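Just one chain follows, in the form predicted alone, and it is written as structure tokens.
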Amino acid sequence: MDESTSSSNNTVIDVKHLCKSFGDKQILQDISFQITKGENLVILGKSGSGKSVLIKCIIGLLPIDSGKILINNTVMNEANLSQLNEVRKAVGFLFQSGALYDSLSVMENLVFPLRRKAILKRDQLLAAEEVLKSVGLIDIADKMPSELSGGMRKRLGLARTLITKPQFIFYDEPTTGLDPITSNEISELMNSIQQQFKTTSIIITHDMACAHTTANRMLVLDEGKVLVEGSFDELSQLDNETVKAFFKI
């Protein structure tokens, strides 16, 4: 599929025949998939299957051996630094830890990504209040991260991601370490964000409840290859031992 076709059918991320090795160890082998605008794609895979490497290759943090990666029709593996940075401005990350600054208050954490932008202080605070409302944390603006529960820290990390108005969000194990009730709240919040902000997301998770709630489509990596892709219901009915193992967790 060429770039013009990708654009016409609403594809915003297009990975074509991606291969990546570290020395003699091949991590990703002939990976191909597409993501359409506004879609949540869940990526499943055992530890060491290449999920995190794949994300880093997509955003251009790791060079690839062969293949092609397009984001909004920019060929990431052929782009210069200026082009890469332009695409990266449209991408937000939610890490497992939340990546918060413990010495800064909730509000200070939120406005930190805006400090280098030509945005008035008043407008920074208004933007912070808006995203706090979106994640249900408007009453804790003056608290420190150490005073927050795990679920609240995750919400704050998500709010800080949203404040830059990303087109894409890459979630890395968004519910890890949370109890089932809080995990479900975060998963529902991810869906709410998808609908409210029209984001396109890649979600790396081992949490099948999270996958069930958030996935428009799922992709299973196995030994560096795409084993299968489809909806949660489609994958749950497959007679494949590797896939079935995820649904037994």
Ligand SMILES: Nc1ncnc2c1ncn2[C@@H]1O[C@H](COP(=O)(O)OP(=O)(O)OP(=O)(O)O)[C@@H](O)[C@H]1O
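Numbers follow the displayed sequence, beginning with 1. What you see is a predicted model, and the numbers here were worked out from it, not measured in a lab.
The following text describes the form predicted together with the named molecule, which does not appear among the structures shown.
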Of these, 189, 27, 59, 208, which has a heavy atom no more than 4.5 Å from the named molecule in the predicted complex?
27
Just to confirm, with a 4.5 Å cut-off on non-hydrogen atoms, which of 216, 52, 184, 34 contacts the named molecule in the predicted complex?
52
Picking from 64-72, 208-216, 40-48, 191-199, which part of the chain touches the named molecule in the predicted complex when contact means heavy atoms within 4.5 Å?
40-48
Just to confirm, residue 173 within 4.5 Å of the named molecule in the predicted complex by heavy atoms?
yes
Those residues of 132-164 which, in the predicted complex, come within 4.5 Å of the named molecule by heavy atom:
none
Quick one: residue 154 and residue 52 C-alpha atoms, closer or farther in the predicted complex compared with this form (3 angstroms or more)?
closer
